[in-house]
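There is one chain below, alone, in structure tokens, taken in the form predicted alone.
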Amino acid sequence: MKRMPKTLRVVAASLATCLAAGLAPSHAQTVKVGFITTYSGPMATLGDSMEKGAKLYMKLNADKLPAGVKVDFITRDDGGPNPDKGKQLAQELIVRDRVQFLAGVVWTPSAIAIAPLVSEAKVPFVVMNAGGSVVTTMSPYIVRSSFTLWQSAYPMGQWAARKYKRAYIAVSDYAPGHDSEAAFERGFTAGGGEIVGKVRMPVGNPDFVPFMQRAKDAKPDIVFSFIPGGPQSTQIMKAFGDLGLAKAGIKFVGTGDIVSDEELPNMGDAPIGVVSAHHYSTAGDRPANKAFLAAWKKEYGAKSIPNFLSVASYDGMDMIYTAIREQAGKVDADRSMAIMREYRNANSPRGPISIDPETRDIVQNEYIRETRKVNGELANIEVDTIPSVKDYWKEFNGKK
């Protein structure tokens, strides 16, 4: 029999000690949720958006927990895209803090690094960002409340092929960027479009100007892009605007990360006319979204703006609370996963959502949005809806 890696042996031994001491998580009335995200460094706004979404849900739904049950929400900062740090934090939360759920995680490489730990320890892991398609294949204890890049980039390619012939692709150089590149290219070329060039850009602190210049020099009809969102949305949009691509007749399209809602006020007029595919917009005209926005602004201030990470964390906490509620607070890992595999919510701020029980990925609407100025402010206006989108990568490559 193959010997278990040392890290996993430590986790397993520690859990066995907890069980022997009568500290089994499955019998606790205080349910511990370990939340790993990015609170520091240049992408710290992403973690702030995620935590605010999770905590808003908890405040609004405290009365939906079973009597006598409370949730202990334990936060940890991974400092940015650092898989080793993410893995270390997950191990500490599992072994020392004895959490019954892990949640959060911005970065796909970190989610992949954590996967063996949650498999061995049997701790459900609700991924609230980390959009690489492969993530849910890495452990049967992972369920995703966020998105995959194939869900947005493939229909973006299909849409673009109906209007344009030549495209240039510029994406961040890590798994979600690679997914978005492959997905857009497949959708665009299947519709008769031609890819005239590609570039992969550094994930950390990139200077987007030389990459946008290369795109301009290729003279495409459109530039398709994915970046991790946050401040990079503003940086890439300013590079696009300052280099005059729009004036040269080049359209900017992409996943929703290039026009992240909370960054729109920082972008000037450069995003006007940008078309994106995404599963959420603060401009979405849904009663559940209006209620969410009203609660958000009451809690965090009139000028605070949620984004797709906020909504994924909000919905992810609803998944966890559903599992807790259906077990009367005495949570068992396998039972929690069974409950979350069947999760449905007809009234998420982003529209109806559910979990595909075969893949443990989210199923949700994708919206084609155009960035417009409405009452003097930029907004991502939903102009078309693609309903009940699964992860196309798994649909094309087999559900693993």
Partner chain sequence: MRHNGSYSASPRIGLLEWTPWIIGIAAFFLLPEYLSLGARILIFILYALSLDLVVGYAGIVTLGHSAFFGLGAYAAGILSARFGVADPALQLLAAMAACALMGLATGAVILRTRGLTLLMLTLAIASILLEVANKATSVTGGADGLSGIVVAPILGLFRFDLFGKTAYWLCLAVLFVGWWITRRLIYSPFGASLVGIRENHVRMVAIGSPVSRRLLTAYTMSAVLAGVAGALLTQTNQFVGLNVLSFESSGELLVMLILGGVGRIYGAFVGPVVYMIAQDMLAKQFPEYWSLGIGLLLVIIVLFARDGILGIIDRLVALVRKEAR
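None of the values given here were measured: they were computed from a predicted structure. Residue numbers count along the first chain shown, from 1.
From this point on, the text means the form predicted in complex with its partner chain, which you will not see here.
- Site annotation in the model of the complex: the residue of Ser304, Thr189, Gln327, Thr75 reaching within 4.5 Å of its partner chain with a heavy atom is Thr75.
- Out of the listed residues Arg96, Lys163, Lys219, Lys247, Arg96 is the one that sits within 4.5 Å of its partner chain in the model of the complex by at least one heavy atom.
- Under a 4.5 angstroms non-hydrogen atom cutoff, its partner chain in the model of the complex has Ala113 among its neighbouring residues.
- Looking at Gly197, you'd find every heavy atom of it more than 4.5 angstroms from its partner chain in the model of the complex.
- The closest non-hydrogen atom of Met319 lies beyond 4.5 Å of its partner chain in the model of the complex.
- The shortest heavy atom separation between Asp173 and its partner chain in the model of the complex is within 4.5 Å.
- Contact check for Glu262, Glu299 and Tyr367: none of the three has a heavy atom within 4.5 Å of its partner chain in the model of the complex.
- Stretch 117-125 is the answer when you ask which of 269-277, 142-150, 117-125, 239-247 has residues with heavy atoms within 4.5 Å of its partner chain in the model of the complex.
- Within 4.5 angstroms of its partner chain in the model of the complex, the stretch 51-74 places a non-hydrogen atom from Glu51 alone.
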